[in-house]
Ligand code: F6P
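In the block that follows, a single chain appears as structure tokens, in the form predicted alone.
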Amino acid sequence: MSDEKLYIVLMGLPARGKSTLAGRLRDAFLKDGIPTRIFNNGKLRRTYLPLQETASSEFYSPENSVAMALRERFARINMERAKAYLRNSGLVAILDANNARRKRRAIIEKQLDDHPILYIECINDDEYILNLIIQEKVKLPEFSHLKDKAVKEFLKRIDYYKMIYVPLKVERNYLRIDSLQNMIIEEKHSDAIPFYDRLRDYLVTDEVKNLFLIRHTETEDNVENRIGGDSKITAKGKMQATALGAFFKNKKISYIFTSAKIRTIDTARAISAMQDDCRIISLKEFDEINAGICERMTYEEIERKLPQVFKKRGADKYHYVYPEGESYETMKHRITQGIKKSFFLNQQAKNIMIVGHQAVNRMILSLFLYRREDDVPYIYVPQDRFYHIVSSHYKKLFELKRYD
């Protein structure tokens, strides 16, 4: 058995990020000069069958023997194509499908016996993220005739797959990953796997092509130097937001992620208004630091009324927890989760936009800038500029740019 070529077989329930992961792996391998191709069963199925048929949940019922035979046929076609690809110039063949049954995987192992097989199982049980992904999937042409029944049909499809789902265990080589966290949960390799270290690095690295990190525009509380709260943007803030919209008008933004606060949502709406098919998604993970009993106070008021709070926070701004509130340090986990969610939802898009707050954006920037903890609360986050960030294996870019 040759150890110079590799089959990667993806598996997992629908809407767990398999196809997105397949694309990421292909692109990473190709950049490293490793010829790689994806063999997607769903794409094959949609090519040869009427969309009305493949969108119906009953097509995926374990009791539908005719449909099951068709799905097995498409799976075998892709196995044959993958084998032919590696027989020629290809080095990595990625089989992208649910592959939920052990029986299917046994067939794969029998048919693809000329090179090592590495299974990657995608797992993601975050209900909020799954619902958002399903909402996007049912916008595809395949589901257009179902209209308001599309989500119900897709959920039923998932239930059918759950009925036959057998997690990886007896297979010789596999990785089980949390596809939201880009985290390996379990791994096993009984054979020498080509490109394994490189592949493992691809899987756990967060990549972003273009992240536009924006602070909400001027608010009523900003004018009075009050912290926290949920105030609206001012007339100047509306002008700034409109200028942002005009600046990004010619850049395709699929999603704008905001906090649950009015000021970030209002800023995002002005930007979204100048985009085509741009969706605003509010994540509480991006809410500004909770100042507890100091919410909506000015720093002068805190120094005068709560001198011990003012003194202690000034001495250790990163670790100090506001009474009944939080600190930069305690925010870190939720901010990281917000980043993971926004990257997961937007992995196939070229541009990602987050409209956040001063402390929140400092924490996001610290994930890329690797600042000392003590310096994080002092990262410059103005309202008349934005950060442009690119982060990949091959390129790191940080720019602070004006938009007016």
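None of the values given here were measured: they were computed from a predicted structure. Residue positions are given as counts along the sequence shown, with the first one as 1.
We do not show the form predicted in complex with the ligand, though everything after this point is about it.
The closest heavy atom approach of L91 to the ligand in the predicted bound form falls outside 4.5 Å. In the predicted bound form, the ligand stays beyond 4.5 Å of every heavy atom belonging to N182. Taking the partner from the other structure, the ligand in the predicted bound form has a heavy atom within 4.5 Å of a heavy atom of I289.
For Y299, a non-hydrogen atom is located within 4.5 Å of the ligand in the predicted bound form, even though that partner is not displayed. Per the 4.5 Å heavy atom criterion, the ligand in the predicted bound form is contacted by stretch 222-230, the sole one of 198-206, 222-230, 110-118, 270-278.
Contact check for Y328, Q358 and P377: all three have a heavy atom within 4.5 Å of the ligand in the predicted bound form.
Just one of R71, R157, R313, K261 comes within 4.5 Å of the ligand in the predicted bound form, counting any heavy atom, and that one is R313. With the partner omitted from this view, the residue of R176, K137, R102, K317 that lies near the ligand in the predicted bound form is K317 [heavy atom within 4.5 Å].
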